[in-house]
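Read the single chain below, which is given as structure tokens and is the form predicted on its own.
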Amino acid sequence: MKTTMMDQALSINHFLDRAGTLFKHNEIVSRLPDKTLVRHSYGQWHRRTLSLASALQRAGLQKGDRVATLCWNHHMHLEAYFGIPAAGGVMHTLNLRLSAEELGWIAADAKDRILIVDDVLLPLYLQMAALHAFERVIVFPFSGAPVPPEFTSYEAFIAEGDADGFTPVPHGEDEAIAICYTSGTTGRPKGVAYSHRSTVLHTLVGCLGDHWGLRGIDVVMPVTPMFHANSWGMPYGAVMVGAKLVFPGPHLHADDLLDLMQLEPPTLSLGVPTIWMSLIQTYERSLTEHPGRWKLPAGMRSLVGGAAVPESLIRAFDAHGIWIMQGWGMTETSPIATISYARAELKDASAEERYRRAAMAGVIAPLVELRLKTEEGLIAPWDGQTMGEVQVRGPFITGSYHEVPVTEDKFTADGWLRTGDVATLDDLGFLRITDRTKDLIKSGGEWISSVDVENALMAHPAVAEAAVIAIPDEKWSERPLACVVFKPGQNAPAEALNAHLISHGFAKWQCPERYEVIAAVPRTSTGKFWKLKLREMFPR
């Protein structure tokens, strides 16, 4: 029997048109390099986005051509999110924290034709220009300074477009709208292409009440970069519901974010743990050093991901009335695959249990299938104890990489993505990431989770950050080494740190025998602990 439903392709163009008609008076706020704020309505943004799409067509953009962006978080970047696909192109967000060599390689691999770049990032572009020749470079005058004459001004470019006469390029729902590259910490980055269908479905799942709970009355502050897994899909969700967006621009230091929160208090924010650690430490210092300078937005929800969230960080924010929701995913999963939220079965749980659950990676998202494969190749039971590699599949999970052959080290023979993360699942479906496969420590035949040790160390009152790696050991094969960053003016001996670990349930053999005090933990371009660098610093 055939259905009676309309067979209409899913499209993010629907979100664009919906925002321009239903939410035309709602606001988009961007912070400029000089820290002033510029405001646009969704109606103005809609016309500018259509003008961009029209101008790209007039400039010769063909369906499927890649248009790169090298930009901070602001209104123009949001225009690119929707204008490039509407013109039939594929948006490629370049990670401005990568080296010029890496950026040049990625742009060449993606075959980017056009680049849209913030004027404040032109020095970075000029370094990568010798590695990949863009056919056209369009400069957004983010700082307000005149655009150098050898480049095309973004404002002049979109002025040539015809918003009223523009018609989006016809497309199938499985055609690409954007491509993001993985961080490439263990090899060359790989491209992941997102489609209209995968993006629409991911947006709908993300906006569910148990996840973002995104509403039209929300004020959303995306601190997560728009070049990192499409800012976790939040720009698409905000546009879909017409939520007010507050973009921080290039100002991501804790005091800058706290200042912005006084001007435009968010109800929902998102960022990586390192940003949020710095923010709460800066805020709590201010309570004694500068009383009354800042107030944290009462009742703000905060989505934190990109790395494991320590329970100590969740407790610190909760003490000030802000609840942190942890999520897990990766570029290949669009990226949401799990979200930690309150379950009905746990409504009478103790505060300790509530914090313990919140520090887990969360519950499997709708439309995502997830399983754990043990070292023996078996499916791990949901017992909260048995560890296995996380494998996922679903309509917004990648099935291949851009122009890279499918191999069994990345995809199983039966079609599951191998994530490289190791985890347990409990009987309620809560995922607890224990490590990356390459970061697990095998000591005397037993596994030690570096993530568990790190999170426990960061609960010590003197510790700001901690990263744990394996070092060779003649007797035990491997032993854990802890690299510790202490809070300003504080310290603790190794014996005290190990006593703290034992008080948190660790056995003596699981505790590091060696500690190294460092000024800062090296990080990848997406803010994760870069353990490869630590292994280079401390090879044995």
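Start at 1 with the first residue shown and count on from there. Under this definition, the rigid core comprises the largest set of C-alpha atoms superposing within 1.5 Å between the forms. Remember, predicted model here, so these are calculated numbers, not experimental data.
The same protein also has a form predicted in complex with ligand ADP, omitted here; what follows describes it.
Chemist: Exactly one stretch in 224 to 232, 254 to 262, 124 to 132, 372 to 380 has heavy atoms within 4.5 Å of ligand ADP in the model of the complex; which is it?
Modeler: Contact criterion met by 224 to 232 only.
Chemist: I need to confirm a contact call. Of I433, A107, A193, V117, which residue comes within 4.5 Å of ligand ADP in the model of the complex, counting heavy atoms only?
Modeler: In short, I433.
Chemist: Under a 4.5 angstroms heavy atom criterion, identify the one residue in S269, S450, Q326, S198 near ligand ADP in the model of the complex.
Modeler: It is Q326 that has a heavy atom within 4.5 Å of the partner.
Chemist: Would S11, G83 and E175 all count as contacting ligand ADP in the model of the complex, using a 4.5 Å heavy atom cut-off?
Modeler: No residue of the spot touches ligand ADP in the model of the complex.
Chemist: Would P248 show up as a contact with ligand ADP in the model of the complex if we use heavy atoms at 4.5 Å?
Modeler: Contact with ligand ADP, no.
Chemist: With heavy atoms only and a cut-off of 4.5 Å, decide whether G89 touches ligand ADP in the model of the complex.
Modeler: Looking in the model of the complex, residue contacts with ligand ADP do not include G89, since no heavy atom lies within 4.5 Å.
Chemist: M330: heavy atom within 4.5 Å of ligand ADP in the model of the complex?
Modeler: Yes, M330 lies within 4.5 Å of ligand ADP in the model of the complex.
Chemist: Heavy atoms within 4.5 Å of ligand ADP in the model of the complex: does I158 have any?
Modeler: Taking the distances in the model of the complex, the answer for I158 is no, it never comes within 4.5 Å of ligand ADP.
Chemist: Does anything in 288 to 308 come within 4.5 Å of ligand ADP in the model of the complex by heavy atoms, and if so which residues, in order?
Modeler: Residues within 4.5 Å: G305, G306, A307, A308.
Chemist: With both forms fitted on the core, check whether the Cα of E478 differs by 2 Å or more between this form and the one not shown.
Modeler: After core superposition, the C-alpha of E478 moves 2 Å or more between this form and the one not shown.
Chemist: Looking in the model of the complex, are the Cα atoms of A308 and E478 closer together or farther apart than here, the change being 3 Å or more?
Modeler: Relative to the displayed form, A308 and E478 draw closer in the model of the complex - a change of at least 3 Å between their C-alphas.
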